[in-house]
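Okay, here we've got a single chain as structure tokens, the form predicted alone, with questions on binding and movement later.
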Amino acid sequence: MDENKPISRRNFFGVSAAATAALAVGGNIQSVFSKETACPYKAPPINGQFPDDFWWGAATAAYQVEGAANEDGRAPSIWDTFSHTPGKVVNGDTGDISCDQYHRYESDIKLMAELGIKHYRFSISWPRIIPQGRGKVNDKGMDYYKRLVDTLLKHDITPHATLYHWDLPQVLQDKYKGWESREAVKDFGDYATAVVKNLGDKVGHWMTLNEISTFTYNCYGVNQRTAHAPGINLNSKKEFYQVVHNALLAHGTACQAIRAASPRKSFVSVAENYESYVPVFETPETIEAAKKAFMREEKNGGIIIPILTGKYDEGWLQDVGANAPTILSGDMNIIGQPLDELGFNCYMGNYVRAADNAKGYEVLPFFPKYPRGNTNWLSIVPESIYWGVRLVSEAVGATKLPIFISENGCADGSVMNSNGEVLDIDRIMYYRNYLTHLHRSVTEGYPMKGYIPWSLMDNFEWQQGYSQRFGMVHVDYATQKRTPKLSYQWYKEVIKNNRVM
């Protein structure tokens, strides 16, 4: 695959108002979305209802639920290695068995059908498909996903496949240091081609990568300990930003590969936990400050902005200075491939106010006792889901790019009672508040397509192992018994009534 060859089957959609908005903040609107799938404005729904075609779904990821780590030809990923390294994961937990969905997918899909969801986001395990990272496809691994997809379609559930949810084949980490090398870009493109050729007749919605910001910022440090696999300590910030740049190139290359390999119309997106900036009060100057922060701040200006505009934000480039990545000819064209839709992983956000400084804004800190979702990193900011949608339109200028929530959730603090119930009212509170603000984006005409929360079921929560539970279905890991929680029943009513309950 020629990684510098731009996709030729998509035309960029030009709208003068959107272009003006983008240029006003230093962006480039040309590659934000593809014309064929631009989401038309819809009249706001009444009585608190979501649109009739609104997506209700749930999400999981391969290493977190599948198990079967050593079956049917699957090879180790960096997370297999990391979780088996003493001291890396709470309680020494691993994903070897996890929820055993590899063997229990049929009963899990019945739980989805009973819940009423019509959309399921899952990821495909690269080391299950191509155990050596490059080269021969493992037919048994591919057959598993064919069975999974067939069973979803049998229950009228639309599959949404993520090509990479952090499980890089360990062999590529050993061979060329994984994402530190541009070799990973080509290998990822070839892997994407193989998957889409085999599954593209039945899967139409594809996400290239999940949370570039997480699998770079949490995995590669400079003179600091990192919490996620592969846990690499780099020598400089420039090396770090080059890792991020390589991941961005992999995203763009996969966009090209999906469209070239798909036998049907495909909808290409990325699932990114980009930062949402909430004006601490909605005055014109504070909203303007939020727009500036959205474009420039660390994890946006260097990740979601180049994805959406084909350019790194100029303010971000000023901030990183000589540490900016080395950019080869054609790189930004690859990174800025047009999207058909955008997946927004929203858990929290940041409050911002206008300030008399060079940037024109100030991001406000969270104080120690600020409300959190049963984990120290998750500050509860319900407005962030609305502003994360709105600022894609108003800061970037992507006014017609369809957006869906590809993750949203919290760990619950409840335990199973003597009646066998899990009364996770904290999760209901969290979902209800975020959905209320998401509904605002729908009523104001922003192109919001759906809500796919994290997660369908409790699972392996990365460095926290099984100590945190993000699921609407309780999993007894010793017996693999599934028990729907109170939040499952609540979400079932939301879907049934098509509104926040």
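Fair warning: this is a prediction, and the values are worked out from it, not measured in the lab. Numbering starts at 1 and follows the sequence shown.
Beyond the structure shown, there is the form predicted together with a small molecule, which is absent from this document and is the topic of what follows.
Between 260-268, 189-197, 160-168, 282-290, the stretch whose residues reach within 4.5 angstroms of the small molecule in the model of the complex through a non-hydrogen atom is 160-168. Contact check for residue 108: every heavy atom lies farther than 4.5 Å from the small molecule in the model of the complex.
Remark: residue 210 counts among the residues lining the small molecule in the model of the complex, judged by a heavy atom distance of 4.5 Å or less. Within 4.5 Å of some heavy atom of the small molecule in the model of the complex lies at least one heavy atom of residue 462. Though the partner is left out of this view, residue 470 does reach within 4.5 Å of the small molecule in the model of the complex, counting heavy atoms only. Residues 176, 216 and 240 are none of them found to lie within 4.5 Å of the small molecule in the model of the complex, as judged by heavy atom distances. Comment: the small molecule is not present in this chain, but in the model of the complex one of 407, 331, 383, 93 has a heavy atom within 4.5 Å of it, namely 407.
Residue-level contacts in the model of the complex: of 122, 145, 316, 347, one residue has a heavy atom within 4.5 Å of the small molecule, and it is 347.
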